[in-house]
Ligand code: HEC
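Before any questions on how it binds or moves, here is one chain, the form predicted alone, in structure tokens.
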């Protein structure tokens, strides 16, 4: 009785709304029989995006996009709201999963040559979706409205400001004025919550339509190149001979992998939790150690490692060049061999990209160029004496934040030169001139030190010599 009632209700709803006519073709369309586990990353990306939409909407119920309240409401969500910490964790790790899955999907598509005829536009929309995903992650980081958020938007405005002709306008657009403030947060909230999701929904819909139109590419076979004149007929014959419906024959792998992905996101959100909220934003504070989320950390390393004279070129030309290169791939190479074994350069491109991003990510995580704001005072065993000018200079070397940027016997920061044996390399006059006048990224301390303090610092650095054997 209940089963018949449910069936009758469904038939009535389906007759009025045409749900079967809408979803049916996508569920029943034929896919190659050997399209298996390598093909799950696309659906996993969409599933991660759904997690972002659901958790984002839930968080928006409590988040107030105001410069005076955003920080406090985020603390409330994390510490007091029911399931708030868990929701933030889901949103954070959902973003990470989305970046990982879209990266894996594009790498698999590239290695399989699935961007070739007739799927050139599938690749193009995928590249745009990658860009929107990264933009979504960046704008979401700003909404935390802490120190990292403030410095992230300053860097974004600085990068945009170097665009020829439009730079000043773009920087003001990002900031919502001439300086970071409430208008900045409101603007990024609108971009993150409304604008980018609208583009994502639109391009995901277009991408899925293109998948239905051109079909899922069959796994490549060495010695069977793509010929635009005959490919469509060959693909149609393949599906007629050995294809099977996407649901349920092909969809179960997507379901299993998607369920595992959701479980992993939930466990990470529950066990690890969301990223820590730092101090409230204050761009005037220089003793900050801002760094982006892990999927943008490699770019943070690039900007930190490049020479100052080339910053403008790298900031503007590098992203534009990479984006254009990705977009023209199917135009320059839309036919011929698809098998990776016949395209070793494709394997090399993917491996080199992974190695480059991985190496830069490690460098960004270690960030030896950043000051060490947690440097501890130098112990007596390193200073060498327990009193006098050398001892006082060693104390000042920490108190005046010199130790944040310079190493002494392996202690301190690595942004500046290692001064463990500064006395062997620098004369007293050299030391005084550098401390007083500064240089490169080092500030001038002349106006900050009393004569006795300058003498103590000089005495300490002069004492830093290799032991005589």
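Residue numbers count along the first chain shown, from 1. Note that the structure is predicted; figures quoted are calculated from it, not measured. Superpose the two forms; the largest set of C-alphas matching within 1.5 Å is the rigid core.
Just so you know, the form predicted together with heme C exists too; it's not on screen, but the next bit is about it.
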*heme C: the contacting residue among 31, 402, 70, 46 in the predicted complex [heavy atom, 4.5 Å]*: 402
*Among 51, 408, 59, 435, which has any heavy atom within 4.5 Å of heme C in the predicted complex?*
435
_heme C in the predicted complex: contacting segment from 426-434, 37-45, 51-59, 23-31, heavy atom within 4.5 Å_ = 426-434
*Is there a non-hydrogen atom of residue 295 within 4.5 angstroms of a non-hydrogen atom of heme C in the predicted complex?*
no
*4.5 angstroms heavy atom contact with heme C in the predicted complex for residue 151*: no
*Decide whether residue 64 counts as a contact residue for heme C in the predicted complex under a heavy atom distance cut-off of 4.5 Å.*
no
*asked:* So, residue 459 and heme C: in the predicted complex, are they within 4.5 Å at any heavy atom pair?
replied: no
*Taking heavy atoms and a 4.5 Å limit, what residues of 403-425 are near heme C in the predicted complex?*
405, 406, 415, 416, 417, 419, 425
*Would you say whether residue 429 is displaced between this form and the one not shown, judging by a C-alpha shift of 2 Å or more on the superposed rigid core?*
yes
*Yes/no, residue 448 Cα shift of 2 Å or more between this form and the one not shown with rigid core fixed*: yes
*Would the C-alpha of residue 330 be classed as shifted by 2 Å or more between this form and the one not shown after rigid-core alignment?*
no
